[in-house]
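Shown here is one chain on its own, the form predicted on its own, set out as structure tokens.
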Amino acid sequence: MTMSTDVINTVRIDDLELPALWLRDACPCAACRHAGSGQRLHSVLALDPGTTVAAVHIDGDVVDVTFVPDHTARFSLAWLRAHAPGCAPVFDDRSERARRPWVAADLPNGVPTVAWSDLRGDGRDPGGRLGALRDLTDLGVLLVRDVPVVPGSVLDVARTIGFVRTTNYGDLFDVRVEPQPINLAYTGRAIAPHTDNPYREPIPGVQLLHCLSSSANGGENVLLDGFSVAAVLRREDPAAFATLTTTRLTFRYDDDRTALRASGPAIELNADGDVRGIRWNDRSIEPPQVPVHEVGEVYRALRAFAAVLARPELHLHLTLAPGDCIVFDNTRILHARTAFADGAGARHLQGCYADLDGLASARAVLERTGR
């Protein structure tokens, strides 16, 4: 079916409205897009803002669009329906809308678990790797079992899901009680719910903690879904929620060799108002730099948020055994630790960071290719 031979600025197919300029930019042919990467071969400056269409021919699912003066693009009608302007949401795969928020009761069997061999892709479960990456993406947390109790193994786990992020702590770091700690995590004290490195930009997206030895006298891990925490605050105290989504807070970390600062809202929203990230560490937050008349409300909002974080029904408890490696989305999942009963637990974890884009890529490639 040929729709028109008149020069037109907008193509209309059923209920679709497709601007000629948008169609020209979306052309997938080898002259317009690189076959291997799909990247545009011409600058946006090469797009004529006065682009028009001379003819449209539809044959089943195939749509051929002829532009003035002499270029033809071929599209799938199904692709056009899925991607036409206004038909697809702006891409944001990290927001609460694209994930599965949870509270402790939603995970009666604990966090999703995968064997180390299955995560590597050479275990007994052929679908184990993809299932694990989906769980980590959707729920924000994954427990990997049977990782070798060998120092440095946490880096092997990180490399199966992305790329190791080097920080001032190095490629990996040890979490154990130390006589001269440079971080409260290296003491026997209880650690309140937090995300790691809010004083860094960008914040490390994925955190891994691998247990080399456990402790019988405390040091239990606690996990909370920041999306659910934010949802509770939005529902019960909209004013506090609004304050924490619009007030830029500064976080800092200093030691003899490091001075880090970063600012951002405690609750990050996307353009549609969906929560897409949490930046929170009560130990490293600076006094708010806001107008004097806003100080009281900012502190009230901070207290309201901290009070929600303290609710037991949001806390998922687990004790890591040697060989366990907990992996979680550090822009979403808050983690905490109970104190050691004697103030000096024998637990030894090794940790590292990775980036969320590596995780997203690993999942997408596996879904596309099966490997």
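Numbering starts at 1 and follows the sequence shown. Every value quoted in this text rests on a predicted model; they were computed, and no experiment measured them.
Although not depicted, the form predicted in complex with N-oxalylglycine (OGA) is the subject of the following passage.
Contact here is defined as any heavy atom lying within 4.5 Å of N-oxalylglycine (OGA) in the predicted bound form, and by that definition not a single one of T245, H293 and A304 is a contact residue. Using a 4.5 angstroms threshold between heavy atoms, R347 counts as touching N-oxalylglycine (OGA) in the predicted bound form.
Using a 4.5 angstroms threshold between heavy atoms, R94 stays clear of N-oxalylglycine (OGA) in the predicted bound form. Taking the partner from the other structure, N-oxalylglycine (OGA) in the predicted bound form has no heavy atom within 4.5 Å of any heavy atom of T160. Although the partner is absent here, L143 is not a contact residue: none of its heavy atoms lies within 4.5 angstroms of N-oxalylglycine (OGA) in the predicted bound form. Only one of L80, A73, L209, V147 lies close to N-oxalylglycine (OGA) in the predicted bound form, with a heavy atom inside 4.5 Å, and it is L209.
Think of it this way: in the predicted bound form, N-oxalylglycine (OGA) has a heavy atom of just one of H194, R165, R99, R129 within 4.5 Å, and the residue is H194.
Contact with N-oxalylglycine (OGA), judged by heavy atoms within 4.5 Å in the predicted bound form, is confined among 52-60, 29-37, 307-315, 329-337 to 329-337. The partner is not shown here, but in the predicted bound form the stretch 267-289 reaches within 4.5 angstroms of N-oxalylglycine (OGA) through a heavy atom at R283 alone.
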